[in-house]
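The chain below stands alone and is given in structure tokens; this is the form predicted alone.
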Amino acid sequence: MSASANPTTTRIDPATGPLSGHVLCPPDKSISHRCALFGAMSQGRTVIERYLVAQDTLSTLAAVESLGARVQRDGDRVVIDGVGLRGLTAPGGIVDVGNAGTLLRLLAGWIAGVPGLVVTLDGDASIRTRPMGRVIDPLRLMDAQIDATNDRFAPVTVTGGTLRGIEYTLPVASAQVKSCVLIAGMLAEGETTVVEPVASRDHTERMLAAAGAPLTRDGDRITIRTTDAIELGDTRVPGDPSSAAFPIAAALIVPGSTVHVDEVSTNWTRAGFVHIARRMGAQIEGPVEAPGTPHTTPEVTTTLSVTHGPLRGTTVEADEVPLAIDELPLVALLGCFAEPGEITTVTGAQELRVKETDRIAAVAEELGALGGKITPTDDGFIVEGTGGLIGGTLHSRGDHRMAMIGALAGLASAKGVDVVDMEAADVSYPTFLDDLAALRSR
């Protein structure tokens, strides 16, 4: 997300006592995006309960509406009358994806397979820095026609046409790239197979299989065939593990805390942060889906109960990164609060450099300014535990996750933190400060 034109500063004072109570974490952002897109691709009507109402996901509703779907929203209940897989209509102008990288990449795969359709996708200043080559390359192998700024960045113009199925091995594990190719594969002639180097989020596979798409998985190979129609059906969005990670982390670093986070998705491809935190000594009670659970299994939820306790260092290797990519900055925060001398190392996380901001640089510089001992590396960071942070000023850089990290740091620091552009959190977790205040008041 690009920083606000006139960012405000929000003061987060240290907690005067333990955090306690229940938090209903926001609906899952990744699943909300996909529900809107697959609902628009469906024949007939789709009703979505607990849709995430945030900037990125509202961009997705606006985008599918501009392309012909009928969208009605009442709070977090969304009704979509779909256009079918090949029923997209040309928008009146550029389709604005805002700051939603998921929307930008998945929508390109859909548009590419609709002959005669020409659509330009653009967004904010931040989205224009996000790498699109990773989806442009496989789509062009499928004979898609795509024009992009410097051949790699938004604005991106996609001209729909006849696609052919391919076998594509992902250079780097990415749920967005995988999803883009699988969506295009439903519209392509023959079969399309995506080969993953390591597992990444599997929401697309689960939802497409449930919607009737001819999709199969064999180990690291996901294959989809030409599809006439899908039917998503009515769905309820589970809680977002990436958002839930913040109240979980708050309980782990504020002494004496016990927090219960409700309706969290336990999908094993999203549980990386819980596994890493538990390895650091975190007391997190609640079942997590077993690794390798098939894509035909519906999304399930649980309550995670979190209790403060001493933390130790750990090492996060490259094969863990795709399952915890959005939560790795929080791992750095936990590393700061680990016992003095404990070392936390993250490697193989180059992807962090091309998120809403360069999160490797942001984590090192911003937490360092609060008293953390963090050394950035090309593909991650090294954190030396000091038992806590002093406090100071943290600039969110327009990144929602950095803003929320600043608030958590303020709660558990010695002197508090002034967060510049706390409003950035609205992209994914609009009620974040309210939820923290409720946990403090109890």
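What you are looking at is a predicted structure, and each value in this text was computed from that prediction instead of being measured. Residue numbers run from 1 along the displayed sequence.
Another form exists, predicted together with a small molecule; not displayed. Remarks below refer to it.
Student: Of the options Thr302, Thr314, Thr102, Thr227, which one has a non-hydrogen atom that comes within 4.5 Å of the small molecule in the model of the complex?
Tutor: By the 4.5 Å criterion, the partner-contacting residue is Thr102.
Student: Considering non-hydrogen atoms and a 4.5 Å limit, which listed residue (Thr223, Thr235, Thr157, Ser174) is close to the small molecule in the model of the complex?
Tutor: Only one option qualifies, and that one is Ser174.
Student: At 4.5 Å between heavy atoms, only one of the stretches 321 to 329, 71 to 79, 137 to 145, 116 to 124 reaches the small molecule in the model of the complex; which one is it?
Tutor: Contact criterion met by 321 to 329 only.
Student: Can Ser30 be called a contact residue for the small molecule in the model of the complex at 4.5 Å between heavy atoms?
Tutor: Yes, Ser30 lies within 4.5 Å of the small molecule in the model of the complex.
Student: Does any part of His308 reach within 4.5 Å of the small molecule in the model of the complex? Heavy atoms only, please.
Tutor: No, His308 is distant from the partner.
Student: Does any heavy atom of Glu351 come within 4.5 Å of a heavy atom of the small molecule in the model of the complex?
Tutor: Contact with the small molecule, yes.
Student: My question is simply whether Arg206 lines the interface with the small molecule in the model of the complex - judged by any non-hydrogen atom within 4.5 Å.
Tutor: Close contact is absent here: in the model of the complex, Arg206 is far from the small molecule, nothing within 4.5 Å, heavy atoms only.
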